[in-house]
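Listed next as structure tokens is one chain, alone, in the form predicted alone.
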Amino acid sequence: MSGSDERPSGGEDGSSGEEPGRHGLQELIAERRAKAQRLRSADPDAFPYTFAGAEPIAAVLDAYEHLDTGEETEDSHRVAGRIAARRGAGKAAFMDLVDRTGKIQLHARLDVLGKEAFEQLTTLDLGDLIGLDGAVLRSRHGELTLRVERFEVLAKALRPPPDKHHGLTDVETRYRRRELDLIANEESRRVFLQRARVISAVRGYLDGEGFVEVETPILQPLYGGALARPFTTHHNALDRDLYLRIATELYLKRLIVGGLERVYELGKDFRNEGVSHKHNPEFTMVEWYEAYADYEAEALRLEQIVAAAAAAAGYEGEIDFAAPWQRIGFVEAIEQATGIDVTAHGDADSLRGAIAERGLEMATAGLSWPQLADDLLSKFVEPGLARPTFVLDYPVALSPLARDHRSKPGLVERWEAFAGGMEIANAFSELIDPDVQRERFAAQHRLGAAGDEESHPYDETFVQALEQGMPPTGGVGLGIDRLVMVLTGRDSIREVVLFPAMREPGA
């Protein structure tokens, strides 16, 4: 038997004659609902509870990549998915079936299926879900195809899918109705599958290095581990306010004190701050802590973990993640970009004056010295760090949880890692001296009393944990969302978060 032609006369646009331009949406829904009712009336067991044994479409495509044009087999395979296109006329019809792994062409023939089944299959609507068994062939046009031998309608789509040709292009709709985005846009499906592989690679690396995955509270009596504003909620039974965590750091370091010498947690953090192309109020972080290590050891570990994530994502972009990454000091980086030595302007008024003197465009009113210094880095240094870079050795006022630098007074052993023009990770040689930590918290408390809403709260429970004795420790926080942005070439965090935070429609 010769290979089939998947381009018979008739519409090649995959349309089903039901575009909202021809009929109103409510009329289309009514027509589809009537079809669903006819299916139920004809078969009490319509829309089965299961369709066991379905293979991923990509597995079938891969297994028969070797088939020559026009070659047919009697090898039957079972697949399931959504009808994405339809074309045909007379005694043959062609459809495209899509699942999360790929797309395959279906060839339906009247002489194979019989009149009733053929008519039922060829009158289904775009978006309907079917399962089928079919023999593999490669058509005369070179497309790998399944000749449908039997099928079941698994679910009826009562609403038409997004326009096949133009996809779902409205950005607001794509983010608010991610299910439509995933139906319409293969690229979106690819990004979120890459995200899943990145997360698996991160976990696999840490598990392979002997780290123990743990879970710490999301609802916390006192937030900490970062300089950020929290979300506040109230627990009725306990009659107390609680906070959504802004970081997992303090709980994880208490586990280091307890003797779990390598720990990590991968999960959600929450910060009540602005929304931007790289900020979402809830975001995914992995933090790991390692006894008997410092920030230098953790820089090497980050290089390895990002390389593993890039390989898992199939990264083919222009950024070279090969070690060693470039390095530059915090003070040096700001001075090169702005001409300001922040250590020479050690209070907010002095630094504010230096910023004004150089005519730098940034808001300064009411900001503390740490906020000003951090803004200088984020506005004038960070966007230029496309190549993977460690910015090292921060002022102590910016890093209340990091250990004093062993050779640079006034600085701490901290780095932030940047790639693609944004921060992706943060690390310390962790502060283990409880007396110094108590002093640092007190200084942060004074900043808070002076109006800095992002200062770190005083956490006496954590200080008491340090008083039990904490070994030398290195710790890292790696932003999963931003890492995925870099590895998939996305410009907005909303492109890599399935359901990002959005303003009310019309707001």
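A residue's number is simply how far along the shown sequence it sits, counting from 1. As the structure is a prediction and not an experimental result, all values here were calculated from the model.
Although not depicted, the form predicted in complex with the RNA is the subject of the following passage.
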**Asked** Counting only heavy atoms and a 4.5 Å cut-off, does the RNA in the predicted bound form sit next to every one of Q120, E209 and V381?
**Response** no
In this chain shown alone, the residue from P162, G134, G102, P230 with a heavy atom within 4.5 Å of the RNA in the predicted bound form is P162
If we test each of V60, L28, M470, I480 for a heavy atom within 4.5 Å of the RNA in the predicted bound form, the one that passes is L28
For the RNA in the predicted bound form, the stretch among 318 to 326, 82 to 90, 232 to 240, 199 to 207 with residues bearing a heavy atom within 4.5 Å is 82 to 90
task: Would you check, heavy atoms only and a 4.5 Å threshold, whether D341 touches the RNA in the predicted bound form?
output: no
Notebook entry, point to check: Any of the heavy atoms of L219 lying within 4.5 Å of the RNA in the predicted bound form?
Noted result: no
- Query: Is there a heavy atom of R176 lying 4.5 Å or less from a heavy atom of the RNA in the predicted bound form?
  - Reply: yes
_Within 4.5 Å, heavy atoms only: does V171 come near the RNA in the predicted bound form?_
yes
Taking the RNA in the predicted bound form and a 4.5 Å non-hydrogen atom cutoff, the residues of 67 to 81 making contact are E72
